[in-house]
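Next up: a single chain in structure tokens, the form predicted alone.
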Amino acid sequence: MTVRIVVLAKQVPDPETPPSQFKIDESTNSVIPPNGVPLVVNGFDLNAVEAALLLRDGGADVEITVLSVGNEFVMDAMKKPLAMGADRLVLVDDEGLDKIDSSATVKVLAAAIEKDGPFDLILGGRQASDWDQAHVTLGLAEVLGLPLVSLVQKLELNGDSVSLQRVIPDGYQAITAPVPAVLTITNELGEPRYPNLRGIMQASRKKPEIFSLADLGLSAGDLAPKLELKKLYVPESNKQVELIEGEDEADSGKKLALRLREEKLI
């Protein structure tokens, strides 16, 4: 029996972008797109792709669909999961998806999954590297009425259930969840595999399946934001340095300890 897996993926600016290129227009509460910075697939979502591929490597018969919502997709970036080994790429591409919030993203994803599904597992990265909100996958589980396990570092299919290791601060939890389920995958799973030449060539020949909002029975009016962004700004950093000097290292250490105690830091 083929297990159908959908992996949620988001196109984001390269997180390695130098901070000096990050600019904000405070009058519109928006990020100014930096020039020359490539768009990539969110790295945590690539961990989710890797999790699905590891299930296949372990002998499971899986079909892996990568699903993304947005517009102006860069195909060289979005086809990376296909080059890694995913089977399909489904894009919901519409101008009305330019600046939607996480609640609207959930609504669009749920409609796309209903149209293209059903799926046995829905995997997403632990968060997206642009806003770091970690809202979408959790909200999707709520809307679809499916069980959710977050921060998964290892998974194994067992018929109609999945065995999981969920990361916690001092170790991990061993959890068994029914299928279908929604999982968020953490980077503790391990580095995503690098596409080989054969995978890159195969991906270049695959065409994404593209839906519009109309195809999903939605309109821009259905995606009214539920989150209000009050203020977006780059916090100012005010650093003060005090040099502690002594006659030797031991004396310097003693004076440092006394100074820290005065500040009630120790």
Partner chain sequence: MTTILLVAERDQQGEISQASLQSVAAASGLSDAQITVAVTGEASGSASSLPVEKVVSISEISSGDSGIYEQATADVAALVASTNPDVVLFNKSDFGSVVGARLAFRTDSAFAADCTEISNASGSVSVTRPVYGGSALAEFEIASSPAIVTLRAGAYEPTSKTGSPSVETAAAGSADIRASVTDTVAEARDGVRLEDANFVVSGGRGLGGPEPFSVLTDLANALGGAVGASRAACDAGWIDHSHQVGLTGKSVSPDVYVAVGISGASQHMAGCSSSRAIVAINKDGDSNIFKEARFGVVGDWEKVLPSFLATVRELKA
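Predicted model, so just to flag it, every value in this text is computed and none were measured. Positions refer to the first chain, counted from 1.
There is another form of the same protein, the form predicted in complex with its partner chain; it is not shown, and what comes next is about it.
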Candidate stretches 91-99, 116-124, 70-78, 149-157 - the one whose heavy atoms come within 4.5 Å of its partner chain in the predicted bound form: 149-157
Please identify the residue among Ala220, Met201, Val37, Leu227 with any heavy atom within 4.5 Å of its partner chain in the predicted bound form. Leu227
At the 4.5 Å heavy atom threshold, is Glu247 in contact with its partner chain in the predicted bound form? no
is_contact(Asn196, its partner chain) in the predicted bound form, heavy atom dist at most 4.5 Å: no
Would Ser27 count as a contact of its partner chain in the predicted bound form, using a 4.5 angstroms cut-off between non-hydrogen atoms? no
Residue-level question: is Lys207 within 4.5 Å of its partner chain in the predicted bound form, judged on heavy atoms? no
Given a 4.5 Å distance limit between heavy atoms, list every residue of 160-184 close to its partner chain in the predicted bound form, or none if there are none. Arg166, Ile168, Pro169, Asp170, Gly171, Tyr172, Gln173, Ala174, Ile175, Thr176, Ala177, Pro178
